[in-house]
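So this first bit is one chain, no partners, the form predicted alone, shown in structure tokens.
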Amino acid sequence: MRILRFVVRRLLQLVPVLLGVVVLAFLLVRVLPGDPVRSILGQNATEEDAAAARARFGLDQSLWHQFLDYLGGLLTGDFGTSIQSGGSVGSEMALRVGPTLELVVISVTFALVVATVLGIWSAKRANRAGDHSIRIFALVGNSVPEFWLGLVLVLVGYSILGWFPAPNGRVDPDTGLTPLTGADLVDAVLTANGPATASAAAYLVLPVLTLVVGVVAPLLRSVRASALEVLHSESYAAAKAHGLRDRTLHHGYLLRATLVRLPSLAALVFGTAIGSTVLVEYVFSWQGFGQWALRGLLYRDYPVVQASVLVIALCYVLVFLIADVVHAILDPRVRL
């Protein structure tokens, strides 16, 4: 009941936060240099053509009137019309969010498992060869650019070894996948399409690995530092002196205490992963949310940029809410 009240309170606080994001995104996107109408019509378009296009998208109205129209549309679930494509922003975004969320959630989940296992293993062998190897891996993973790593993985995994499909989509079109959520692997599992499941999983391996290498580095360092702190604590030493079994020490003391700090960092890493998907999606032709948002920014597509910022802010707030709840469950000392 205590956690439920906390969740309801945080969800209510979400309203003014998102309203602030809407206002800032609306104003800042119009400060960007460039004319969105000229970007789609070209520099050779006449003033009459430009004026007609501005009237079509409501850009000839006052800034205050544009904002009220945009806010009224949001209240009814209408994110506006894309200046570049002329289609509904909500419909375009619905097709793009699923693939990106699938990529990010799988990558962050896998990174959490790897960081927890390797971080605790490294802490138990502090200052030995294995520990030094893990720390070097974390340093390299934190330093390597995602786009470079993605290109190397494509070169090795596809061009040289031929183990993975070409970076030109998310699933083999010949598998006859029925789209439901936009996340191809999820859709393949839900429709019990075996060939599509295998194909979607194969297409996911390289982009997921690209994201995991960069995401796992800060998580690994945090888990190792937390595990070392627990191993050197008086409570762990007392439990060990009482002759508890190694399994009890590991699961009851070391693992639970180490994971206490992980949810907040995982939420930050989740946001970083969303930003990293922009380059990863371009390398692997993923056609996801990040690639769509960047294209909207390059073409000064106001409705697309505003919707992208709003969705990213919503993801951040919800992920941190989940992190706070998990933190409270892992650590009873936390009062919500």
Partner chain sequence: MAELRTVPGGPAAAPVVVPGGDRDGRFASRMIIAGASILSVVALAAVFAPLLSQWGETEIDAANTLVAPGGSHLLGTDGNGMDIWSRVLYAARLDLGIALAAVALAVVVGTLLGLVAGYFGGWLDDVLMRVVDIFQSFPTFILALAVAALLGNGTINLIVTIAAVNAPAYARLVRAEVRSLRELPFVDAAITSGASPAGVLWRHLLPNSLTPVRVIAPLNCGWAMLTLAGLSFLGLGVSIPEAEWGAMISLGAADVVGGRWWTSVPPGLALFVCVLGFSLLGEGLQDRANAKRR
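This one's a predicted model, so the numbers in the text were calculated from it and none came from an experiment. Positions refer to the first chain, counted from 1. Just so we're on the same page, rigid core means the largest C-alpha set that superposes within 1.5 Å between forms.
Below, we turn to the form predicted together with its partner chain, even though it does not appear here.
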- Site check Asn127, Leu155 and Leu294: each within 4.5 Å of its partner chain in the predicted bound form by heavy atom: yes
- Option touching its partner chain, based on a heavy atom within 4.5 Å in the predicted bound form, out of Leu74, Val189, Val113, Leu228: Leu228
- Exactly one stretch in 100-108, 113-121, 205-213, 220-228 has heavy atoms within 4.5 Å of its partner chain in the predicted bound form; which is it? 220-228
- Message: Please tell me whether any heavy atom belonging to Pro145 falls inside 4.5 Å of a heavy atom of its partner chain, as the geometry stands in the predicted bound form.
- Response: yes
- Decide whether Leu32 counts as a contact residue for its partner chain in the predicted bound form under a heavy atom distance cut-off of 4.5 Å. yes
- If you check in the predicted bound form, is Ser233 within 4.5 Å of its partner chain, heavy atoms only? yes
- Exercise: Leu321 in contact with its partner chain in the predicted bound form, heavy atom 4.5 Å: no
- Looking in the predicted bound form, the residues of 16-30 with a heavy atom no more than 4.5 Å from its partner chain, listed in order, are Pro16, Val17, Gly20, Val21, Leu24, Ala25, Leu28
- Item | Large Cα shift (2 Å or above) at Leu14 between this form and the one not shown, core-fitted | yes
